Ligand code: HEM
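Take a look at this single chain in structure tokens; it is the form predicted on its own.
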Amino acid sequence: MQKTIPVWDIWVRLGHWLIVVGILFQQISGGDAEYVDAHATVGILLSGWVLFRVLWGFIGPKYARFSSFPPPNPARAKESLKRVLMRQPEKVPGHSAIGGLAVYLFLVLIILTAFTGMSSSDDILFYGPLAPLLPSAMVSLAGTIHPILSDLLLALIGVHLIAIIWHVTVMKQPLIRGMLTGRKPAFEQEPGDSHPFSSVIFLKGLIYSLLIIGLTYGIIGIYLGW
């Protein structure tokens, strides 16, 4: 059996599944006036989590850090995609080049979707917490762009699901198990320091996540009067 090592810490894994649930809820609730408050609240919390994940990409354990991602350039991504289609896995415990690029796209799309949602208004039922701070033209533009970004995010999720099915069934890579257990094939690499399963990483992530999500909701959801 191939040696495995701890790769994904609890905050990477928890964030992955919370984003799955959050985006699913947003897609269901987005067009329903009855859930407009819940939709806005979840959007604020998702944006807070993304801000934490960006910070975690600099202060988290080895494979959570953006410095461990392959450089996101088109040539590298094209080569990575070619390897996937040829069923040749990139022998890295963390993200492949195309996988790292997908993470960047998800983070950018989620934060832009949340920001445009919080900046939108229909002048009847919904008035985003950032809308009073912006010119009316920008509020109108945000309202136009928000559903487009939401659809792009849904399309990216669809591509992501297809990629996972391909990796698991065709390439026989345990991606889902890795995101559940945190362990992946080692490929002669080490977990790094701090250890992703250590109590230090758990407490560090807990403190920063609560601080950033709390500040995000406190500023946008409470101070700005949502």
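Just so we're clear, the structure is a prediction, and the values are computed from it rather than from any experiment. From 1 onward, residues are counted along the sequence shown.
Although not depicted, the form predicted together with protoporphyrin IX containing FE (HEM) is the subject of the following passage.
Val36 is the sole member of Ile162, Ile59, Met171, Val36 with a non-hydrogen atom within 4.5 Å of protoporphyrin IX containing FE (HEM) in the predicted bound form. Ile157 is the sole member of Leu51, Ile201, Ala186, Ile157 with a non-hydrogen atom within 4.5 Å of protoporphyrin IX containing FE (HEM) in the predicted bound form. Within 4.5 Å of any heavy atom of protoporphyrin IX containing FE (HEM) in the predicted bound form lies no heavy atom of Ser80. Contact check for Pro147: a heavy atom falls within 4.5 Å of protoporphyrin IX containing FE (HEM) in the predicted bound form.
In the predicted bound form, protoporphyrin IX containing FE (HEM) stays beyond 4.5 Å of every heavy atom belonging to Leu134. In the predicted bound form, protoporphyrin IX containing FE (HEM) lies within 4.5 Å of some heavy atom of Val20. Residues Gln27, Gly30, Gly31, Val36, His39, Ala40, Gly43, Ile44, Leu46, Arg53 are the ones in 27-66 with at least one heavy atom within 4.5 Å of protoporphyrin IX containing FE (HEM) in the predicted bound form, listed in sequence order.
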